[in-house]
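Only one chain is included here, represented as structure tokens and corresponding to the form predicted on its own.
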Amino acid sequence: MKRAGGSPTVALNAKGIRMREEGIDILSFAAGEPDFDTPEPVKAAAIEAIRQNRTHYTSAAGTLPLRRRIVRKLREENGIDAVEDGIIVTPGAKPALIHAIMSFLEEGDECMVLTPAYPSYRSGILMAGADFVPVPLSFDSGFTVTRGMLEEKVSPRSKMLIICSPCNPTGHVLTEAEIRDIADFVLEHDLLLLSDEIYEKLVYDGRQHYSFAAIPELRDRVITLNGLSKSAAMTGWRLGYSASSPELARVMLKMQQNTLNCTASFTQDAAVTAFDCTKETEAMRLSYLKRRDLICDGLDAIPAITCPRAEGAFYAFFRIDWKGMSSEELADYILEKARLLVVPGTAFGEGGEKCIRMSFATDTASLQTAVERLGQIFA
């Protein structure tokens, strides 16, 4: 545990909550949380489950109706030949991530991660005793992945590669060509692939989300992570899952059995309903699209800021060239001068230098205010 740090995004969100409670007038854009309410049918399903006293332990892997619904979803939407014995339902996607890392990495192993990346990847790898190997992507290239970048970082100790698409924090969505290059690389070097697809529903401008596990040759070496926090605004409900081969799932299930036991029973009942709330999910996506244009175009018009339009997820990830300031210095400067709480790009590792991440999963008035304030301090 001494090797791992805390989550910078969670810490910053807590800081924002504390400042507001102390009466300090700030706007926080640190948390990766939808500002929408959970769809009404989902809430109704949970209430009914509680009324029917479905409030007891479930199977550690999750209830059979939910695992069957996840299998159907993966087959119909992602082209993954999933099976019930390969599904593990977890209280949020983060436990699924940690279970996968702790189950298959140990001291002496290396895990490659495309950076900038979600900070918990690094922490989980270090907690497992393995070594974190960043594969830095370039802001100027739109964070495109090439086979050459991966080959530069692989070694005989490499055991796993972690991918997130759509990406938190950059918003990059892997293209079909990038997917193919990564797949060939994984096969050639006999790696496990951890594919974080939690933002899959939030892609823009006609782009398409591709799942690695849909590639037949990769099927038995991919662990797909997903959940309902982003697609159904169910962050506080804590509902995630992993999908893999039964052989890999049996190992990860030991982690679930010996730590969490199971996910809340009535949350699982509600999740079955959530998968059918496609209209609500699409309404959220379209709203995020409008907000993306507002924040990204507004920021990009400020001379000191370069802000490309996010391809997916709900984050603006932009670079600021201002008096030689680092990401951390910029974040402090923005908080002090503009009263905006943002996340420095280096919190996400190499490739985030001089960058800032701002969530646009908030109301348009706050986004407009943020653009105006940043325009003033970077004029």
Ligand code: PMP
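Residue numbers run from 1 along the displayed sequence. This structure is a prediction, so every number in the text was calculated from the model and none was measured.
The following text describes the form predicted in complex with this ligand, which does not appear among the structures shown.
Query raised in the report: in the predicted complex, does Ala233 have a heavy atom within 4.5 Å of this ligand?
Result: Judged by the heavy-atom cut-off of 4.5 Å, Ala233 is well away from this ligand in the predicted complex.
Query - Distance check, Ser211 to this ligand in the predicted complex, heavy atom within 4.5 Å - result: Ser211 lies outside the contact set for this ligand.
Query raised in the report: Does Lys159 reach this ligand in the predicted complex, with heavy atoms at most 4.5 Å apart?
Result: It does not: once this ligand is placed as it appears in the predicted complex, Lys159 has no heavy atom within 4.5 Å of it.
**Report entry** this ligand contact in the predicted complex: Leu191, any heavy atom under 4.5 Å
**Finding:** Taking the distances in the predicted complex, the answer for Leu191 is no, it never comes within 4.5 Å of this ligand.
Requested in this report: State yes only if every one of Lys94, Tyr118 and Ile198 has a non-hydrogen atom within 4.5 Å of this ligand in the predicted complex; otherwise state no.
Outcome: Yes, each of Lys94, Tyr118 and Ile198 comes within 4.5 Å of this ligand in the predicted complex.
Query raised in the report: Among 202-210, 292-300, 269-277, 161-169, which stretch sits within 4.5 Å of this ligand in the predicted complex, heavy atoms only?
Result: Going through the listed ranges, the match is 161-169.
Requested in this report: Let me know the one among Gln256, Ser265, Ser123, Ser229 whose heavy atoms come within 4.5 Å of this ligand in the predicted complex, would you?
Outcome: Exactly one residue meets the criterion: Ser229.
**Report entry** Contact assignment for this ligand in the predicted complex, among Arg147, Arg250, Arg219, Arg238, heavy atom within 4.5 Å
**Finding:** Of the candidates Arg147, Arg250, Arg219, Arg238, Arg238 is the one lying within 4.5 Å of this ligand in the predicted complex.
Report task. May I ask you to list the residues of 205-226 that have any heavy atom within 4.5 angstroms of this ligand in the predicted complex, in sequence order? Result -> Not one residue comes within 4.5 Å of the partner.
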